[in-house]
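Here's a solo chain for you in structure tokens, the form predicted alone.
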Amino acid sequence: MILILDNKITQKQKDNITSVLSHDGCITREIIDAGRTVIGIIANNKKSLEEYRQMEGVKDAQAIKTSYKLVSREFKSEDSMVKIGNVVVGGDRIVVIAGPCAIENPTQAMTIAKEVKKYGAALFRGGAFKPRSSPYSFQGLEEEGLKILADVREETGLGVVTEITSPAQAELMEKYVDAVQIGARNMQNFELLKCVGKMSKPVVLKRGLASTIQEWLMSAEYIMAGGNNDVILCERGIRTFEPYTRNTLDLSAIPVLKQLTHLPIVIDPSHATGIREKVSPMARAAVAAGADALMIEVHNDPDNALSDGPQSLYPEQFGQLTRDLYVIAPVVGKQMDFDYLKKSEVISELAKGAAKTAAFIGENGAYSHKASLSYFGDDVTPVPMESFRDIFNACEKGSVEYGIVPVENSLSGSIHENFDLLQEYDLKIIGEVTIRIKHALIAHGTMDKKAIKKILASPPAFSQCKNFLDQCPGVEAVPVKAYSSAVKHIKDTSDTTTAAIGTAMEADIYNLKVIEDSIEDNPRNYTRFAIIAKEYKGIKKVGKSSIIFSTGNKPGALYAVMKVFSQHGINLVKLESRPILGKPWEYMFYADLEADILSDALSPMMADLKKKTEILRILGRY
């Protein structure tokens, strides 16, 4: 069962509850779930639900009906996110784990690691201990293979994942790798499950060859009962009567698991199909079905691989797959972020210092808030503010370390106010993130759509949902200010005739109902956000630069600048003109370049630019 504690519980009351549970010999876990403090009692509860409800400081007591307790949605309603190194599995980003089936030698491992990193992999996989059906097959390099994995991490920055086959290997795994994998044949090796339950490493738990979802979740329960909450479920195909593929990939398990458990889900289409040509289609389908991550086998010379060559993608095939995922992911509210590793390095540097804050416009759950979470995760505390200028002021004065400001929407174009503020303030762009804008109609749970008389939303939301509003004749559209949450206003009133346009995240935060999802006119609706700060020196690799410049007011002046970029082979991905503050009819140009403008190789270009411009300022390198 679970005890939901009162938000106003005193420390004395909480200590008394803990003492009673300890005296009764209860095995407990305490978590924060949806803003509530929850104590799960997973064994030896000796009191009835009503007796627990009568305890001071307990708001409610509820039974967990499933045999798997800690793994269930009943215990934790929010999705869990598991951190492997600097990479989070279970968030908005699709995490791709890629590498060979087995580590064969240092050159092979390093070559493949650099290739998969180039194409967007965030983690590297490779077997050092290989349990094989035949005792005569390659069994892995064992500790030497683990050392190679550690070298790969050191050289490339990729976190490494490998299979553990025996409790005797636990000490080596703790020393060399970032996450351990329980293979399909060991899913019900209960001694091994108990062992990894005591380890400090995240666990990727593969589904057994012929295991039910219930049995799979019970194996995950073994690990969490041992104290290790960082569990990721991996569907890798089950054995059926169908001979055309190695196994049968059960994609229906994804929506089933999303309903039953809070744990993140990774799909392994390589072992599921066993055929190279089938891997990419099933990987694409897995993302469309809602998978949080993929595990893909990649080899630079699969014809001569010591293990599972026929199912391994060539690096170029892997690159094509990740480009496909980039297009598919936003459909299900996720993103394939090719800069994830670079961003994770930034976040890692942030986490080493004192607690950091990032300002955004609006209330919790707004798109700017989602952008903050997508970029920083939980390592930085989001701070809501009422205007874009407030964000810039806070960053300049140091009351927050970072700001998240929208700069461009794929449908409505540039947010000119923020380009003007970038010109006015001496702040740097240190990164960017793009999220899909997906509007929802939100109201109280008991509300009937036909009873709606008013809809609250920001002006941009109304403009992006015109087709939906045209289908609601007689309904009054009531605009709210950009920083004000229309959804929060609905929550604060008991009006059952008013709805709001907002995000599904806001509906969850304020415990309201999504009456209709995806009501925007165009599903290809994205907003790009800039991450601003006073300065950041921790970026190790730069792929993009933003600059502002002005030219003389004479024919061909802008062309001369563009010619400099062309001569040096620099691709401009954005060019925007804005009036220079206080100088009527004179303009400043903003440009985004796919290059590190301060690299040694571009020193001649910078010299040429300075000659062709009157003002030249670097806004950011990221």
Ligand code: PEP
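Heads up: residue numbers just count along the shown sequence, starting at 1. None of the values given here were measured: they were computed from a predicted structure.
What follows is about the form predicted in complex with this ligand, which we do not show.
**Q** I need to confirm a contact call. Of 456, 184, 415, 465, which residue comes within 4.5 Å of this ligand in the predicted bound form, counting heavy atoms only?
**A** Exactly one listed residue reaches within 4.5 Å, namely 184.
**Q** Quick check on this chain: which one of 236, 444, 439, 436 has a heavy atom within 4.5 Å of this ligand in the predicted bound form?
**A** The option sitting close enough to the partner is 236.
**Q** Could you tell me which stretch in 90-98, 419-427, 122-130, 280-288 has residues with non-hydrogen atoms within 4.5 Å of this ligand in the predicted bound form?
**A** Heavy atoms within 4.5 Å of this ligand in the predicted bound form occur in 122-130.
**Q** Should the three residues 163, 271 and 297 be counted as contacting this ligand in the predicted bound form, with contact defined as a heavy atom within 4.5 Å for each?
**A** Looking in the predicted bound form, the three residues 163, 271 and 297 all sit within 4.5 Å of this ligand (heavy atoms).
**Q** At 4.5 Å between heavy atoms, is residue 370 in contact with this ligand in the predicted bound form?
**A** Taking the distances in the predicted bound form, the answer for residue 370 is no, it never comes within 4.5 Å of this ligand.
**Q** Though the partner is not shown here, which residues of 481-498 have a heavy atom within 4.5 Å of this ligand in the predicted bound form?
**A** Contacts from 481-498: none.
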